[in-house]
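First comes one chain, alone, set out as structure tokens in the form predicted alone.
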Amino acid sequence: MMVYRGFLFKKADTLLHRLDPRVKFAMAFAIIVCSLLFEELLALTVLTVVLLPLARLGKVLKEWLQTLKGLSFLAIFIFAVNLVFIFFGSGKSWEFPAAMALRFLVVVSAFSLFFLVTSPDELGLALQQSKIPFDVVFALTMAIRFVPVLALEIQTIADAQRSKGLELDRGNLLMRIKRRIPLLIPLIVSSVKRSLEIAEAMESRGYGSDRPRTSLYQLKLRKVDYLFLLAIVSLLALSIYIKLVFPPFTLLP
């Protein structure tokens, strides 16, 4: 359950929070592209180290680390699967499984950092100004808002069921899945009730009107946004140059 906390917006007054959301998305996208360019453990480790000061700058280091901790099981699984392919002679280096697990963590943690410092309202406004249809923007922002809410509600329902004597964490995997079925009914009921309330609120505010929509705020790039964009482009250019010019390098034999 700690993973979803890494995708919840944390309100703060930091340089990273004040950046234009389009710049923050470009930064996350650039880090992901760089991680996909390399299969070397050293390069992916450098990308992970780059994310650390950014998370500290945005004052979300604790939540960001919780995301990595929550995803450690999947990272270990990816490492194990790639290790099996190495064992059966895929021709890859022994550092390849670790690099693939680290690549997964870099990709997810880059998106985690983006959502931690970008509110759904800012994201929706950026998408609207990018000429994306409002229905698509609305569906996306609603999903971002309510998926963490549903995760919190599942946790609340699970705690309530535990207080009534339901043992959710005992037994084998099949028994654990079977014991979580009682969590679904109250979750579905509360989700349907919430969706009806949202539909009534949307109807009362004139959703679906043919009149053109206007926004109270307009996003404008500032000097600091241009500086970050310059750093992002430089990082991409440097990564592509290293990939094309330098041969693959390994840390392990």
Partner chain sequence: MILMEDVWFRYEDGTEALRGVTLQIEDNSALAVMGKSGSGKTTLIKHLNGLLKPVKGRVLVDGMDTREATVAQLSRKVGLVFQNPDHQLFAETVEEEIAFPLKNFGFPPEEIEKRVDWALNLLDLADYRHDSPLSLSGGEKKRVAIASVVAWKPKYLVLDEPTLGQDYGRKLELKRLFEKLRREGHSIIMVTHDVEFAAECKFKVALLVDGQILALGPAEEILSATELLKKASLTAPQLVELFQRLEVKPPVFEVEEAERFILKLAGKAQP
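Rigid core (definition): largest C-alpha set, two forms, superposition within 1.5 Å. Owing to the predicted nature of the structure, the values given are computational and were not obtained by experimental measurement. Numbering follows the first chain given and starts at 1.
Absent from the display: the form predicted together with the partner chain. The rest refers to it.
Enquirer: Using a 4.5 Å heavy atom cut-off, indicate which stretch of 221-229, 35-43, 53-61, 187-195 touches the partner chain in the predicted bound form.
Expert: Only one stretch qualifies here: 187-195.
Enquirer: Please pick, from V136, A160, A80, M175, the one residue with any non-hydrogen atom lying within 4.5 angstroms of the partner chain in the predicted bound form.
Expert: After the contact test, the surviving option is A160.
Enquirer: I'd like to know if Q129 sits close to the partner chain in the predicted bound form, meaning any non-hydrogen atom pair within 4.5 angstroms.
Expert: Judged by the heavy-atom cut-off of 4.5 Å, Q129 is well away from the partner chain in the predicted bound form.
Enquirer: Does I86 reach the partner chain in the predicted bound form if we count a contact as any heavy atom within 4.5 Å?
Expert: Output for I86 is no: heavy atoms all beyond 4.5 Å of the partner chain.
Enquirer: For S93, is any heavy atom within 4.5 Å of the partner chain in the predicted bound form, or not?
Expert: So S93 does not count as contacting the partner chain.
Enquirer: Indicate whether the partner chain has at least one heavy atom within 4.5 Å of a heavy atom of L166 in the predicted bound form.
Expert: Within the cut-off, so yes.
Enquirer: For a quick test of reading the superposition: does T45 move by 2 Å or more at the CA between this form and the one not shown, rigid core aligned?
Expert: T45: C-alpha displaced by less than 2 Å between this form and the one not shown.
Enquirer: For Q66, is the CA shift between this form and the one not shown at least 2 Å following rigid-core superposition?
Expert: No; Q66 is a residue whose C-alpha shifts by less than 2 Å between this form and the one not shown when the cores are overlaid.
Enquirer: 2 Å or more on the CA of L187 between this form and the one not shown, with the rigid core superposed, yes or no?
Expert: L187 C-alpha, core-superposed: shift of 2 Å or more.
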